[in-house]
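A single chain, nothing else alongside it, follows as structure tokens in the form predicted alone.
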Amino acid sequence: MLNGYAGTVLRIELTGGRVEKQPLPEKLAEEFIGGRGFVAKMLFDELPQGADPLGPENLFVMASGPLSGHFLPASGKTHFGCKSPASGGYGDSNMGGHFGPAFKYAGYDMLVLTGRAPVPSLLVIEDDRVEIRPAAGYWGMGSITAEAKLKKELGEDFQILTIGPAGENGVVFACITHDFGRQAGRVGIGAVLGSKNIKAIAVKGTGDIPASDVQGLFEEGKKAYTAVRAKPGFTGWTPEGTAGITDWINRVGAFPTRNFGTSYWEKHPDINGAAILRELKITDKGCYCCPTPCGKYGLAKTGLGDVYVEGPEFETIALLGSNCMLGDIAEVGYANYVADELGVDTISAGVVCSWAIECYEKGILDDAAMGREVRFGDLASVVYLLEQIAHRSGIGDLLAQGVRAASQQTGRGSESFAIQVKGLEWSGYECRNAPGMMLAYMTSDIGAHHARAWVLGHDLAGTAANVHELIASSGGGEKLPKSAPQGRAQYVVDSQHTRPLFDLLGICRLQYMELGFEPEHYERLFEKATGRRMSWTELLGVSERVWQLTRSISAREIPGFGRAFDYPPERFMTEPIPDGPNEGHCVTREEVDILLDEYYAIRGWDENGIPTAETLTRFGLADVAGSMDGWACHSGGAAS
């Protein structure tokens, strides 16, 4: 028996409908902890090299961590992984809510789906019983609508994952929806589930999870709740959630606006956290065992109709809001709901929509191509594009491929303002004067994503104990001097080990990252749950091992992979910011190379950004090192 874990891997070969249950390998738990670690190891070991991301040979992997499902602050995380249809390399996504704990209570730590169901199907798991049922009546339905209908059919005590039309139609930034507003987004995980003809996964678990010291874990959990509530930022965080950072991001000139054409917008007070409280919010909404519920459930009233929505979170405010220049929080909320119902990631969707509108403004895509006039600041334009994308209708068939592929096919200079890295659209921070944060985006293993390392405060305002202290003590809207690239890499590397560690443990990082919850709490919780004593430094070492592994997966899967895939969008290197606190700033190609050279040296990678055999062996990945001669990165090719 593995304490802290349910103890079983559930494998389903969908083509033939075969279900197999295997013991969770003890060595896997020891070397990769859980969650993201399990996902990465499974993908490296079992994904056929060169697999089509939307083919039956791709793997869909879901895993929880050893702290998930226990009575601990925010212990409701679930991790998903696949070969990403957005990047062609390693992809994973993380989700809160209540699904992960329910999956563990049903007796499972990991789900591995292979093949493709012959017909659209539902996967229903109730403890030992695992069924593949026809999805008649559900296919084509929106994510949120499908979840509500399934709750009525199966029972309210089932926890349910759904995809929308975007996942069914292979949109490369399709997401998975759960709990009427929680998303596993970014890398196209919803499209992979759709490619396997799975509309929804429903689970009900009634078992328990073994712990090494049940009473001790319970006592440590109570202490952890008390400690979180005592943090100075505790009362400040909950009312506005992630949207509370909007004003500060704008003040320091990092607010993406008009397809990242600039980084400051005067209308930000109309779409910030205060606007949510004033115009939308009905109640707070939290994930499993969360003492700091960052979700906001509200009613958005617009000229296009009224909708109930969870959100918008800051990232949605930035990408569907300011980046598309929607200057009313109700309109941002409405676009948020449409994206959730259709099953598209709001970050990528906002970047894709803004790219399309800029193409239209510049005459690169005309009325015939677009199907109608589209404009910045127009909710109807954004909703039209979202619907076209999800159904791959008209212009949506191009846009559903993401901005990298869409710009490559469109040409005419549109590549220069396609804001992405490795095929994944840039999330909610403009970084032309934030070299550390830019490096974090450039080197994120899944593509341009903020959740791997958030170092913006280190770039612009020094260090602070937590985000609320940082916001309160810095950023007055004044013109900011240009930041130098030197010396940023170590802080980025450290952050890339710390933030993803929580994805291994199966617990939310908010309490640590935003409130300054001390690492020793996690050491004690991990020991009480698993019986294994690991220091914070040792836990971070496992996170670093996983980072080396995920980079290796992309090097194996993407022809010509390397430094060229780590460069930021051309706009950031050629167009100075036109206004705001960072007016006149941009990053040069030379500065980008300084950032990458320092980063690669710290990582132990060669000058092209490929892990060396020596480095991989040092991190206990000798089997990975032994496979290097067959990696796709050695076969030529180029990024764009």
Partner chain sequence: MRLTAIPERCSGCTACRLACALANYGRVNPALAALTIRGRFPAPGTYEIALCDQCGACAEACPVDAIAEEDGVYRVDEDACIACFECVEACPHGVMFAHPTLDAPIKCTLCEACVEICPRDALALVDA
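Here the structure is a predicted model, which means the values were calculated and not measured. Residue numbers count along the first chain shown, from 1.
A second form of this protein, the form predicted together with the partner chain, is not displayed here; the remarks below concern that form.
A.B. asks: Thinking of the partner chain in the predicted complex, which stretch from 535-543, 483-491, 498-506, 227-235 has heavy atoms inside 4.5 Å of it?
C.D. replies: Among the candidates, contact is made by 227-235.
A.B. asks: Heavy atom within 4.5 Å of the partner chain in the predicted complex: which of H450, R432, R182, H98?
C.D. replies: For this set of options, the contacting one is H98.
A.B. asks: What is the one choice in I144, A202, L113, I245 with a heavy atom within 4.5 Å of the partner chain in the predicted complex?
C.D. replies: Of the candidates I144, A202, L113, I245, I144 is the one lying within 4.5 Å of the partner chain in the predicted complex.
A.B. asks: Consider F376 of the chain shown here, and say whether it contacts the partner chain in the predicted complex, taking contact as heavy atoms within 4.5 Å.
C.D. replies: Outside the cut-off, so no.
A.B. asks: Although the partner chain is absent from this view, report whether I282 comes within 4.5 Å of it in the predicted complex, heavy atoms only.
C.D. replies: Contact with the partner chain, yes.
A.B. asks: Evaluate Q408 for contact with the partner chain in the predicted complex, applying a 4.5 angstroms cut-off between non-hydrogen atoms, and reply yes or no.
C.D. replies: No, Q408 is distant from the partner.
A.B. asks: Any of the heavy atoms of Y288 lying within 4.5 Å of the partner chain in the predicted complex?
C.D. replies: Y288: yes, in contact with the partner chain in the predicted complex.
A.B. asks: For the heavy atom contacts within 4.5 Å of the partner chain in the predicted complex, list the residues of 36-65 involved, in sequence order.
C.D. replies: Read in sequence order, no residue approaches the partner chain (within 4.5 Å, in the predicted complex).
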